[in-house]
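Next comes just one chain, in structure tokens: the form predicted alone.
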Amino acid sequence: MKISIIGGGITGLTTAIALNRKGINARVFEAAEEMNEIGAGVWLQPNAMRVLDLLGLKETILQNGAAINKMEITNQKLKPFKEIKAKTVEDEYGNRTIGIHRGLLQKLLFEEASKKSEIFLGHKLESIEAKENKSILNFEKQTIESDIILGCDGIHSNVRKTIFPKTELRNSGQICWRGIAEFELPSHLKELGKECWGNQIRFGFSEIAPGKVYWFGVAKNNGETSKLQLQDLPKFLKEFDPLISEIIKNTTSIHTGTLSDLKRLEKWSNNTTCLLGDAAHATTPNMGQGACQGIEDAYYIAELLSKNQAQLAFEQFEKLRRKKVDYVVNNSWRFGKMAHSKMGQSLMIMLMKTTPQSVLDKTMKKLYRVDF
């Protein structure tokens, strides 16, 4: 059985590793000519760390990232709206959120996946043709036959466009800046993830390694905000605590982009092809679950393919994953919209202050659970 994974990002590489753990070989095809440590940071929440633990990668991630023992939403002066106990960001196995450089995570996954899987770089997919019960993958440089295709090629997935051409992205109307600062956080801010709310502007940060801070800023895209450069951000964020400007001033480059998600697909698969991660259910990053849900997908599809024929595995995969994914995508969208509305932000702050800790704990435990 020839399995082809399209996309060598976090979801695709984790899928290859998960399949390898089940004794299933898969080839990975990545459009990029080389694997560079690009991108900013990522927060691997307990559900992702649970999967990485099951795949034998937890210690490697811990050695290369930084533990985040508490997540806080604060005002622009870093004062939390509600004190949250550390156990809120911990699952039943003791897994906590880990901040890590996205490029480094991809490098670590690449090194592990390449031990047993062939990984072909510089392979941009152009089209897919059906041939009896197989598929023909047409790349720019060659043509390859495959029994099963797993589309892990992100929000702009060529695999998705081929099998489900009538799909739509939803633009949130927000713009996001992400960066890595060479900066030593004060000791009382280490092992913390903070998201600070100002006047329809958000700024989040955490340590991801000694002397390295991952940060992001989100604002409404009013045309002018999309033109802001790195040097403009301290002035734009002047209402925030001076620490925010210090973090930005110790950053050499940023990644700027609009925040979008994928309008809900009726199906994620056909007879021979299944979409995973952002290719199937791209979400805005407001819940910090985009990469985490792709990692969960990888684990589930490997488990199912190890026990079932492809079509049945795909059907079961969607049945098992759909409810949680819909919850993440829909709530992330609502969260982002409300956080950038004066009335919505006030309502969310009130709810944060009045919701009992036990209710928060129950909600987070449900999100962090990996039920397989």
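All values derive from a computational prediction rather than experimental measurement. Throughout, we count residues from 1 along the sequence that is shown.
Just so it is clear, the following notes concern the form predicted together with a small molecule, a form of the same protein that is not shown.
Q: Within 4.5 Å, heavy atoms only, which of W268, Y300, Y214, F240 is in contact with the small molecule in the model of the complex?
A: That would be Y214.
Q: Name the residue from L125, I180, L233, I148 that puts a heavy atom within 4.5 Å of the small molecule in the model of the complex.
A: The option sitting close enough to the partner is L125.
Q: Given the small molecule in the model of the complex, answer whether the residues S4, T273 and F314 all have a heavy atom inside 4.5 Å of it.
A: No.
Q: Only one of 204 to 212, 191 to 199, 224 to 232, 151 to 159 has heavy atoms within 4.5 Å of the small molecule in the model of the complex; I'd like to know which.
A: Correct option: 151 to 159.
Q: Can you tell me if I17 lies within 4.5 angstroms of the small molecule in the model of the complex, counting non-hydrogen atoms only?
A: Outside the cut-off, so no.
Q: Indicate whether the small molecule has at least one heavy atom within 4.5 Å of a heavy atom of L78 in the model of the complex.
A: Close contact is absent here: in the model of the complex, L78 is far from the small molecule, nothing within 4.5 Å, heavy atoms only.
Q: Quick one: does V325 come within 4.5 Å of the small molecule in the model of the complex, counting heavy atoms only?
A: Residue-level check for V325: no, no contact with the small molecule.
Q: Please run the contact check for R102 against the small molecule in the model of the complex: heavy atoms, 4.5 angstroms, yes or no?
A: Within the cut-off, so yes.
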